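First, one chain by itself: the form predicted on its own, in structure tokens.
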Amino acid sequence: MSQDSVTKTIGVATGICLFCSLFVSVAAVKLRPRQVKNQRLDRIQNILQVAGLAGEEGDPEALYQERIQPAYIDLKTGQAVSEDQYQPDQVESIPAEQDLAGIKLRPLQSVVYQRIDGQTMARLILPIQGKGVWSTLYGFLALEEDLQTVAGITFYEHAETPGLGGEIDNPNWKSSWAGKRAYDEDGNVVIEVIKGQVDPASSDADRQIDGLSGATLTTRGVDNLIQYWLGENGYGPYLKRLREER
């Protein structure tokens, strides 16, 4: 057969494609356990960060096991469910008029995390998610022990534009959330991410967060997801129950 024949060219190309496909498939299977482990470690590190434990010495896994306690809840009722009853894959459609976060589906149950100091809950860490510009934002919002004050926020997965919406990863912006009022005395959500900069002299400064410069839609997305998850269709019933039990 001629070295320049079409048949041979196609045969060589097909062989290379098959070899590469096989190599990629084997690599994906072999690396999957490591990927799952790294994803779990990343989530743990983000939880420790908003829990205020990121600076602690020692193995993150051990610190998580020692200081963080997961709690499984029914989102509609706010009541606790046992770990055996927890079914994270059960979801329901969100009516369009209620879907501030733009996620379309929400789980019927969720897991939240409590930082335990001694026998006392010092912080409550809530998983959050919502639509940005180019991606769904996944993160955690932490509340102080009073369940009214923000302790911290972090996003561990998104695909927003670097330098614009991607500024949700900026440590300075994330640190600006600490100490802000999430709720008023009646349990109403009052925190908001505004367009532009917060006026320190404003009476609302203690509940407002600076918007992201040049990223109006991402700013709006973050505000919407916070309003949703802190509201009555998110963790509102659970937080109400915790306050009433005090």
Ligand SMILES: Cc1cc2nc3c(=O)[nH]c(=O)nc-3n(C[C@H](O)[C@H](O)[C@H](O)COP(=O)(O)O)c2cc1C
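So that there is no doubt, residue numbering starts at 1 and follows the sequence shown. Predicted model only: the values in this text are computed from it and were never measured.
The same protein also exists as the form predicted in complex with this ligand; that form is not shown, yet it is the one meant from here on.
Stretch-level contact check against this ligand in the predicted complex with heavy atoms at 4.5 Å: of 163 to 171, 120 to 128, 101 to 109, 77 to 85, the positive one is 163 to 171.
With a 4.5 Å cutoff on heavy atoms, residue 40 does not count as touching this ligand in the predicted complex; it lies far away. At a distance threshold of 4.5 angstroms between non-hydrogen atoms, residue 188 is out of contact with this ligand in the predicted complex. This ligand in the predicted complex is approached by residue 213, whose closest heavy atom lies within 4.5 angstroms of it. Contact annotation: residue 71 falls outside 4.5 Å of this ligand in the predicted complex, judged by heavy atom distances. This chain appears without its partner; in the predicted complex, the one residue of 54, 194, 217, 63 with a heavy atom within 4.5 Å of this ligand is 217. Residue in contact with this ligand in the predicted complex (any heavy atom within 4.5 Å), chosen from 116, 91, 94, 133: 133.
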